[in-house]
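Coming up is one lone chain in structure tokens, specifically the form predicted on its own.
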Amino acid sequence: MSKLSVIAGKSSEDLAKKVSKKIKADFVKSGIRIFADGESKITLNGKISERKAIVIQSIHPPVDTNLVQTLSLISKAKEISSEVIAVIPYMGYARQDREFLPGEIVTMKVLGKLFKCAGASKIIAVDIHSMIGFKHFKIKAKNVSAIPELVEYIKKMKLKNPLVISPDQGGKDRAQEFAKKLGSNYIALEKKRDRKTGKVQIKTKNVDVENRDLILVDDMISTGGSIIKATQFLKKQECEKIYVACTHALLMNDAERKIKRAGVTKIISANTIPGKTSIVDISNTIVKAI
């Protein structure tokens, strides 16, 4: 038996297989049965290493189901292995990292306690929405980025005088890093979001994007509201093609169709969440972090 084992959660099975092969670990598959009331019954197929186990599972929709499954896998691994590393390619609840409005529960604080109690000794996440969330964790926590792999994919596309754009000021550093690696320049739009309704408005007036291909860069796309508003605004500025590059493509409520209808040529995302747009593999980045 190998000194390492990779336990694959159902939501990240393909990514876990890639990681397992690269680190020459025993691969442990999860069998999941969902009862009529929504409960998960998990059966592991494979032997867990007594030395080190690596649980790989994204906490994407259904978020609560995948979270409970992840904690269950960690708990089972800890019964056998002396060290358990939890690789969470997409960390659900990362937006709930502080109390924005009075009475809001900081769910990331709850997650920090749950991961520790379940038996994780270290957490590795990919492009977590906010690093503030990790401050609530009392175990080692590391964030890695899919930007280098996304940039390499974009480079092969040979775009026309590309310009990197962040749909808001919050993503300015991400856009700057992306542009630096791409050998391009960048801008960040000004966006206003109503905290209660979630409605988005672009506050920027004019940008010089004429005759340029644009890459809208974000960490995650949920319903695509920000991307759609940014695309509609940029299309009026006489740009060429618009592409979207993100790490996590949740694409809820028919978001992919709506984004393309707004004028986006292609959505490129990492395989932190399985899906049609998840064409950039980040297994090498995860292996380095492990």
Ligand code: R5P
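Model, not experiment: these values are computed from the prediction. In this text, residue numbers run from 1 along the sequence as written.
Below, we turn to the form predicted in complex with the ligand, even though it does not appear here.
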The ligand contact in the predicted complex: residue 191, any heavy atom under 4.5 Å: yes
Touches the ligand in the predicted complex: residue 65 (any heavy atom, 4.5 Å): no
is_contact(residue 168, the ligand) in the predicted complex, heavy atom dist at most 4.5 Å: yes
Contact flag, residue 223 vs the ligand in the predicted complex, heavy atom cut 4.5 Å: yes
Proximity to the ligand in the predicted complex, single hit among 135, 95, 116, 142 (heavy atom within 4.5 Å): 95
Per-stretch contact check against the ligand in the predicted complex, the hit in 103-111, 70-78, 215-223, 176-184 (non-hydrogen atom, 4.5 angstroms): 215-223
Contacts with the ligand in the predicted complex - residues in 49-71 whose heavy atoms fall within 4.5 Å: none
